[in-house]
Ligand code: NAP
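Shown here is one chain on its own, the form predicted alone, set out as structure tokens.
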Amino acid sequence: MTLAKRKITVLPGDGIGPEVVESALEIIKATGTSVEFEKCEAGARAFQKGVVTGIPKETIESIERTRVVLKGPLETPIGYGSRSANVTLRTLFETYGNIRPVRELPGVQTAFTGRKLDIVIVRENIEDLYAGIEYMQTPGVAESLKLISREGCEKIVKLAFAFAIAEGRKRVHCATKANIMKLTEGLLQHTFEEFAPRYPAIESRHILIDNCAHQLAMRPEQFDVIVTTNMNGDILSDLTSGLTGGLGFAPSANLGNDVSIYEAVHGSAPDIAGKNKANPTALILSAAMMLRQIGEGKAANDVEQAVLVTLESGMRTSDMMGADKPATTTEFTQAVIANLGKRSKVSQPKEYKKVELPPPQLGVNVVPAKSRRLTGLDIYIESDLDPAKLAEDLEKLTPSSPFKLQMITNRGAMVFPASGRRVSLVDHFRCRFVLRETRANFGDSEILSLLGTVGAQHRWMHIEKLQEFDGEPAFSRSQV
């Protein structure tokens, strides 16, 4: 009986995408793996045809069927899409974890050659500033909401440890900026520290993200797996790619409970598109990651080893140092195919396992609080008044209100009560009101009354409730 072939959605992409994707497909076919490819459209051509997301319906249907995607780089042409097609794919199929491994490659010379780097960045892939929730609060002040959830933190922490187990790794660092963003970045730190003891065989450490970047430039070999938030992970993974040869060698996997998407990290490089000059290594290694996750471990090892043997032979594409007579994309591809079944002299195959993803959480994930209490609110006001005059005006407006003005900040610096130091001001003030006395029945009616009073004289753009959960403040303290 002939077994049905595993189907994979293929998005050739834009620029050099079709060339490097075709290279990977030829190599996969040469392994004899039982797979079948469904080529679909996404990116620039889809935008130009009027598909506002850059992802046509037929492509979405294919991904829903196959649940595995191998894709080239996608462009969002200026004047067409308002959002990256790449981000749309990750959000649409909730591929919440981005895995980006980097390792020292034979013959690829860098400042760190000989130090045997082998690092994996596990990046939360859905939340954080990449949610793209932004507002112009005044004509001269922009806001971006940094949203971090307990669910998102749990999923990425569990994935980091699951990946470490699958690859036999020994250490996981959690990199955050929790010393400054105590509630958002701090949520990842606290979640990591809560779950780490469940994996006693793996060493766990928290590190501040700036120190992590510093240490990656000084002693990168100390790192094994680094788990971090979305924007931090985007930056760190590009940094680590630079340590081992650049984006042309950087594969990645976007993993979710339903769909996984495998892609090179680099862009579409339109300046060399169609010239048969692109380095396909990153996409080939991404394909190896894909093969491993769909249960084709032998084929994955064969592809990975063939790439290493090809690099050991001295073959170079035009982006590599020492490429006096650079190989074309086609020549590099054929060399990898010819080397299938051979083993590297300097890096033998590892014992990999399929990454066991944490089970999906159903329904609305709620973190319960035994008690909660409203203690005040921050009103964001647009004004050209001096802070002292604004404070005087607000206090005159609210003498009988249950709230009193506690402070005013401007760009994070306290400007009322005055500190005596000079602050460069903009027309965007955070005005914090707190209860004059503790009241158990404080609620939205009092907030609406205060907003009506303030709004009669001043333009406000949004508010934030000041809450306590289980007796602990759920808001940042006043700056000085």
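Quick caveat: nothing in here was measured; it's all calculated off a predicted structure. Residue numbers run from 1 along the displayed sequence.
What follows is about the form predicted in complex with the named molecule, which we do not show.
| said: If we define contact as a non-hydrogen atom of the residue within 4.5 angstroms of the partner, is Val172 a contact of the named molecule in the predicted complex? | reply: Answer no; every heavy atom of Val172 is more than 4.5 Å from the named molecule in the predicted complex.
| query | Quick one: is Lys158 in contact with the named molecule in the predicted complex, heavy atoms, 4.5 Å cut-off? | reply | No, Lys158 stays farther than 4.5 Å from the named molecule in the predicted complex.
| task | May I ask you to state whether Asp319 is within 4.5 Å of the named molecule in the predicted complex, using heavy atom distances? | result | Asp319: yes, in contact with the named molecule in the predicted complex.
| Looking in the predicted complex, any heavy atom of Ile16 within 4.5 Å of the named molecule? | It does: once the named molecule is placed as it appears in the predicted complex, Ile16 has a heavy atom within 4.5 Å of it.
| request: Consider the chain as shown here, without its partner, and state which of Ala164, Ala269, Ala306, Leu236 has a heavy atom within 4.5 Å of the named molecule in the predicted complex. | output: Exactly one listed residue reaches within 4.5 Å, namely Ala269.
| query | With the named molecule left out of view, which of Thr409, Asn86, Thr191, Ser260 would have a heavy atom within 4.5 Å of it in the predicted complex? | reply | Looking at the other structure, the residue within range turns out to be Asn86.
| query | Taking the partner as it appears in the predicted complex, which of 391-399, 376-384, 274-282, 354-362 has residues with heavy atoms within 4.5 Å of the named molecule? | reply | After filtering at 4.5 Å, what remains is 274-282.
| query | Mind checking whether each of Arg103, Leu117 and Leu311 has a heavy atom within 4.5 Å of the named molecule in the predicted complex? | reply | Checked in the predicted complex: no contact with the named molecule for any of the three.
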